[in-house]
Ligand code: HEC
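Starting off, we have a lone chain in the form predicted alone, written out as structure tokens.
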Amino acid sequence: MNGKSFAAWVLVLPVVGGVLTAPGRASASSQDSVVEVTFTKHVLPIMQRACQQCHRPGSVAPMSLLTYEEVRPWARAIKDRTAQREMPPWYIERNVGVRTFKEDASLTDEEIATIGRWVDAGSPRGNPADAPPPVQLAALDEWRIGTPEWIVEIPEEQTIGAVDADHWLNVWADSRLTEDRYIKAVETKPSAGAYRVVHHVATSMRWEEEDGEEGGGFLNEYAMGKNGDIFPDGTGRLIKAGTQIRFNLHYSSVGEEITDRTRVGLKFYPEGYVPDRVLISRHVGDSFDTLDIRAGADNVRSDGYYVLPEPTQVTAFQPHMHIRGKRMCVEAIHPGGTIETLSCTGHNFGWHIVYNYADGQAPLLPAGTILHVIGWHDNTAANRYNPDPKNWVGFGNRSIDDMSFAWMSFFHMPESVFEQKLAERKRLTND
């Protein structure tokens, strides 16, 4: 899946602006002519790229933003949310750590400025003849990894009552595979509309080995807003013939009865192909036992650590916190003691985004590096998602409890390959 299609899927509020300086002019405040920013000519193309896949009838967004009449009442809110980079949901901090990612769904500075100018100018419609043709939106239930070659679903439909307590299930399903294959991409999806009651789904394989980081049998983790996992070229994960797949499901009621039949989709490498490296995805920096978020407290910090046993390339970072989560950073403490910040990101419980590092900037870390995960929580009334700032919060599996860890994806390599990669990275940097 390319970046454009992912950006279209992600919830983005429309773009708005007002007056743009004409090309070649010094400033809009000068006596030079200016160009009025309009919805049809300047804003609609941005919305088509970044907003409409979600903001349309039947999708996850709370309002449709396909037409001027639908957008205009939300113009001021759109300006505010995009200026604060809350929409589209892409919370990586741009001034620290790795700066370039695959499938970056964020708006450019120029697009955000255009939004602001359009709103400040009164949100004019413009000439209908300037409007681009409507875009072909992906199907609401489209797989974000592309069409899977193999789909496995839970054997029976699950019913989540309107007022049921949270409940957790381990459900096994037969993969029906008759040959070993290496996985290139994997995505877990609830049924259409059931995303509202699915807190998470973790999928894994029964043949998992009990020790060794590269066994594990892990497939994929789903949480609301999660994009699918597309493995870097040359990396993969083996699924064996006859594998049984475990679905670890957490359901939470939302006030109406909803049914779900979650499934996992797989895309494979060609038959007989064996990738060079096994891609590992796992919890990093769990701090469950020490999570202590007092009532009314803000910026409550937690720390967790994980040691890399071999030379490693990190390919992706995904923070996992619950409703009171505020911010997370992951840094690498090198064997010599130097500290390198890999990424920092804000947190929104509605969007569990995997930040896939661009291949040329994916962190290369020597054996013995400590991954240090730092989380911050906000248990105050200023957190608009906080259900009860008067209560203490610690670790727990319910949405109203909390967590702090990162899902990290990476692959190990021999020392000689690691040194070659470092030398090539240095050469490209100096060119």
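In this text the structure is predicted, and so the values were computed from the model without any measurement. Note that residue numbering begins at 1 and tracks the sequence as displayed.
What comes next is about the form predicted in complex with the ligand, which is not displayed.
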Choose from 325-333, 298-306, 73-81, 172-180 the stretch whose residues reach within 4.5 Å of the ligand in the model of the complex, heavy atoms counted.
73-81
Tell me, out of L44, C54, L371, L365, which residue has a non-hydrogen atom within 4.5 angstroms of the ligand in the model of the complex.
C54
Position in contact with the ligand when the complex is considered in the model of the complex, options W351, Y355, F268, W143, heavy atoms within 4.5 Å
W351
Interface membership of P89, the ligand in the model of the complex, 4.5 Å heavy atom rule
yes
Using a 4.5 Å heavy atom cut-off, state whether I400 contacts the ligand in the model of the complex.
no
Test of understanding: in the model of the complex, would L107 fall inside 4.5 Å of the ligand by heavy atoms?
yes
In the model of the complex, is there a heavy atom of the ligand that lies within 4.5 Å of any heavy atom of A61, even though the partner is absent here?
yes
